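Only one chain is included here, represented as structure tokens and corresponding to the form predicted alone.
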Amino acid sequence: MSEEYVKLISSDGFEFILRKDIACISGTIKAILNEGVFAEAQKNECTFPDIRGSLLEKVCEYLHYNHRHKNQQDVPKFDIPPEMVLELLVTAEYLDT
């Protein structure tokens, strides 16, 4: 995999490939990938054993959303299904997004 991209792997085996600069909006992912001591940094992969695929997918959507709208005044609403709000809040806190 190119160094420009990273692979995020959920607990249920779903894989999401993102540009590294977008993934590193997350403070946790940035710390993992930018510290040369972690095997994840060498392979450009992060496995999250406590985050299921549907949550990690929403996180990836948010990271792209954040990147796309970071310097805008009128930012469109980011849609989060009500049944996902609590788990996503905990996941976002963990990932420092």
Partner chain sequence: MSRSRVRGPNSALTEFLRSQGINTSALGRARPPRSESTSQQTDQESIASITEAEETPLSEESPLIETTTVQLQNPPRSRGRSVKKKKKPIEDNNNDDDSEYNTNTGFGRAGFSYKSRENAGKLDFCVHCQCRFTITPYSKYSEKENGWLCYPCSRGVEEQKVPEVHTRKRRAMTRKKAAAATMDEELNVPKLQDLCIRIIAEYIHDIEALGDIGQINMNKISQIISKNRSLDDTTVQLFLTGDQTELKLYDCSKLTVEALLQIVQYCPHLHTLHLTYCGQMKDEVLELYSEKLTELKDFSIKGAFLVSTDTWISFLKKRGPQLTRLEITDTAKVRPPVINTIVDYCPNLTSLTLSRIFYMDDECVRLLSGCKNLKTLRIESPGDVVTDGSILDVLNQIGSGLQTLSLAGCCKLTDELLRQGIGPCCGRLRNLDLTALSELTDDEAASMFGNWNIQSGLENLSLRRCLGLGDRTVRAVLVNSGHSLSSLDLNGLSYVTHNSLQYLATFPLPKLQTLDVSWIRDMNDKLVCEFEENKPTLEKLLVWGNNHVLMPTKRLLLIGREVQ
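None of these values were measured; they are calculated from a predicted model. Numbering follows the first chain given and starts at 1.
Omitted from view is the form predicted together with its partner chain, to which the following refers.
S.K.: Considering non-hydrogen atoms and a 4.5 Å limit, which listed residue (I9, L88, L18, C24) is close to its partner chain in the predicted complex?
M.R.: Looking at I9, L88, L18, C24 one by one, just L88 meets the 4.5 Å heavy-atom criterion.
S.K.: Even though its partner chain is not shown here, does V59 get within 4.5 Å of it in the predicted complex, heavy atoms only?
M.R.: Yes, V59 sits close enough to its partner chain in the predicted complex that at least one of its heavy atoms falls within 4.5 Å.
S.K.: Should F14 be classed as touching its partner chain in the predicted complex when contacts are defined as heavy atoms within 4.5 Å?
M.R.: No, F14 sits far enough from its partner chain in the predicted complex that none of its heavy atoms falls within 4.5 Å.
S.K.: Hey, in the predicted complex, is N34 touching its partner chain, heavy atoms inside 4.5 Å?
M.R.: No, N34 stays farther than 4.5 Å from its partner chain in the predicted complex.
S.K.: Just to confirm, E3 within 4.5 Å of its partner chain in the predicted complex by heavy atoms?
M.R.: E3 lies outside the contact set for its partner chain.
S.K.: Under the 4.5 Å heavy atom criterion, name the residues of 79 to 97 that approach its partner chain in the predicted complex, in sequence order.
M.R.: Heavy-atom contacts to its partner chain in the predicted complex: D79, I80, P82, V85, L86, L88, L89, V90, A92, E93, D96, T97.
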